[in-house]
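In structure tokens, the next block holds one chain alone, the form predicted alone.
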Amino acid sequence: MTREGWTRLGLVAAGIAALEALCRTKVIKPLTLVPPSRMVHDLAGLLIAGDIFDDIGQTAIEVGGAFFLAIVLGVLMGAAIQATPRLRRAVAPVLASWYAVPSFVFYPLLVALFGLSTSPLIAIGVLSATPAMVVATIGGLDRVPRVLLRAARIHRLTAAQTLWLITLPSALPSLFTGLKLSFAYAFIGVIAGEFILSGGGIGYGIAYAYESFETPKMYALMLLVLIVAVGVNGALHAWEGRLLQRRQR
């Protein structure tokens, strides 16, 4: 691990220790927040009992489906927009203002289209995550040096060779930023949708525990959400670092 990584880990550990001390000394009231160690204990108990596996599975399907569709749609749409200047000028204001639109307003329409199933929640995740991938794809393609594209044509590289040897390496940093943002938005969209629009999933479990005054379970599930979000983004960041190191060799 690098020095920056150890520093980051130390700061996180210090924050957790401080929060543990504040909860244990009851500076923060138990009804407001339980100690982090209690969250870990309760989460382990839920996992051992298997009481939340159905909710985890439902959320995983919804987030995974939304993330995959957002990547595919985002890359295709971004490439088409970047290659068409007139379309880019027309769509740019929409992309800039899309994040101000709450995706949940489309839920009645999505239910009418897909029925009462997981599909509307996946669609909400896609609507939340796709713009980030579109913007990242456009930015990545803008970073491809034109001189390299001309050199590819001179050397008569095929479209696949140009994509693999020139376009992807040049666009890689921006694309990985899009991947991380797309996962974050898909995850947030699905979890938030489950809070108010679902009868299952981790978000529903948190909302139900809150309404039932099951504070320990609520915080255990919130810890699970935090672990998954940080873990997936950390894995994507590590993958990005390895690919960039290979590129520099």
Partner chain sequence: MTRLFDSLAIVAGILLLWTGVFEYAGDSAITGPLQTFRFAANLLGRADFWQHAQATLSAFGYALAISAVAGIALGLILGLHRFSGDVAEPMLASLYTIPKVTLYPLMLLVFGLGVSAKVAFGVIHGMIPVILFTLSAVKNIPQVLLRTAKALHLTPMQTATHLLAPAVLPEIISGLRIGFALTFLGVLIGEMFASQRGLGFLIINGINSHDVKRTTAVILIVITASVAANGALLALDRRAHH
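Positions refer to the first chain, counted from 1. Small disclaimer: the values here were computed from a predicted structure and weren't measured.
Absent from the display: the form predicted together with its partner chain. The rest refers to it.
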### Message
I need the one stretch from 116-124, 88-96, 67-75, 129-137 whose residues put non-hydrogen atoms within 4.5 angstroms of its partner chain in the model of the complex.
### Response
88-96
### Message
Just checking whether Leu33 would be counted as a contact of its partner chain in the model of the complex - the rule being heavy atoms within 4.5 angstroms.
### Response
yes
### Task
Would you please decide whether Tyr210 lies within 4.5 angstroms of its partner chain in the model of the complex, comparing each non-hydrogen atom pair?
yes
### Query
If you check in the model of the complex, is Val105 within 4.5 Å of its partner chain, heavy atoms only?
yes
### Query
Any of the heavy atoms of Leu22 lying within 4.5 Å of its partner chain in the model of the complex?
no
### Message
Need the contact residues for 196-211: heavy atom within 4.5 Å of its partner chain in the model of the complex, sequence order, or none if there are none.
### Response
Ile196, Leu197, Ile206, Tyr210
